[in-house]
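Just one chain follows, in the form predicted alone, and it is written as structure tokens.
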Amino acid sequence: MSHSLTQSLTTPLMGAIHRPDSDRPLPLEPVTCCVCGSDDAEPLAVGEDFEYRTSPDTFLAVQCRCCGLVYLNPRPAMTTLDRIYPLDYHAFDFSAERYGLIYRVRQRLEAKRLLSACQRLGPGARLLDVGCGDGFHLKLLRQFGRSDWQLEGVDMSDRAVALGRQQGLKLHQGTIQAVDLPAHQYDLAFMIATLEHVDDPAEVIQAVRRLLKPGGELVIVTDNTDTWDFRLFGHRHWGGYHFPRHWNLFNANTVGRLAMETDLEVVKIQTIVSPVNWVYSIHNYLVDWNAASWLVKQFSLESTLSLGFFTLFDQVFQAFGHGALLRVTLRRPFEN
């Protein structure tokens, strides 16, 4: 890697900090498809950690020949999570102070989307955000939802949980499989930008299912591989790869099959607009080709212009059912 490229990746343009172990390879482990269990997959892309440079490794994304799931193989061992999610990782502190106008715009958009999933909920409903980060979505539900809703979140990051608790949120630190929560008590659960990060999506969804009341719903928002940004950039630079943090990537077919495997009813599978994968696809391309740091900075989560433009751009694809994100609503069946 050239000195100028290294410099462009460690300047404040991404809020990055010095990483003393960034030149040390990560321990990687082989995996099979988490949806169908097959180990018959074809290579799709080889990429790097273009955003945070947590290691010098290159990573391989493959696609299952049996069901079509896209996944990282091999992928970082679970012992590396503190390293691949560094202290400056954006989801640990998505705040108005850090992101300004972008925070306020996203706040309005996400509040509208959250409340659309809550229309059937009555007084005293119990809601859970799985993979809540610092509680961004819970704060929106507290601000715009009913005052008597019971709001809780779960996240593995002790730092993110601490930030959320400082703002008065009820957050649990750990995995959804391990935290001590009561079964059959929750009316609605969210997994927003979470499913793609977990090592065993079926196990995680089954753990959420156990917590839902019969008839309770789970809303999943995750990256969509059935998009034009994936077709254009999927050989290396697609923002949805988020190397090496996104381990499993879905389309409508694979997420529907995952729902069936976990005994949940599919209420609705739709796509929604998001500019992020478009913006980061270009960001990754520019980083890879050693572009000037001022230009790379125009394609980040802090760039109002590029995020605004690609929001409008993705709306065109959304009109044809190929928006950048999947929004999946699943329901726990009533028991016979």
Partner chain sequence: MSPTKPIAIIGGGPAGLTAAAFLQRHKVPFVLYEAGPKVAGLATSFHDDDGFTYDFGAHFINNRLAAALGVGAQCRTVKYYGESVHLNGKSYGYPLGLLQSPRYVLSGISSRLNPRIHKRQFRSAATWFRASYGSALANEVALPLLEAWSGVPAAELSAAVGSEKLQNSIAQTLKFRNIGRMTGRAVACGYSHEIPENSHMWHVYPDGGVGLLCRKIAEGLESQIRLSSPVEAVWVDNNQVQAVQVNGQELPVSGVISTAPCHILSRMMRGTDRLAALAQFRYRPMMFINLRLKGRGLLKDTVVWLPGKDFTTFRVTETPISMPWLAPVGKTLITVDIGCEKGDDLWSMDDEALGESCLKDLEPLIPDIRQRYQGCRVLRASCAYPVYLNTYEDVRQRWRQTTGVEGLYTVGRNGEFSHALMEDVYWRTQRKLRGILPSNRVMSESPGATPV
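Small disclaimer: the values here were computed from a predicted structure and weren't measured. Residue numbers count along the first chain shown, from 1.
This protein has a second form, the form predicted together with the partner chain, left out of what is shown; the following refers to that one.
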With the partner omitted here, the residue among K213, R126, R236, K139 that in the predicted complex has a heavy atom within 4.5 Å of the partner chain is R236
Among D88, D158, D82, D263, just one has a heavy atom within 4.5 Å of the partner chain in the predicted complex, namely D263
TL;DR on 60-68, 293-301, 307-315, 269-277: the one with heavy atoms within 4.5 Å of the partner chain in the predicted complex is 60-68
| message | When the partner chain is placed as it is in the predicted complex, are P74, R209 and W289 each within 4.5 Å of it, taking any non-hydrogen atom of the residue? | response | yes
Item to complete: Mark P25 yes when one of its heavy atoms lies within 4.5 Å of a heavy atom of the partner chain in the predicted complex, and no otherwise.
Response: yes
task = Determine whether any heavy atom of C34 comes within 4.5 Å of a heavy atom of the partner chain in the predicted complex, and answer yes or no.
result = yes
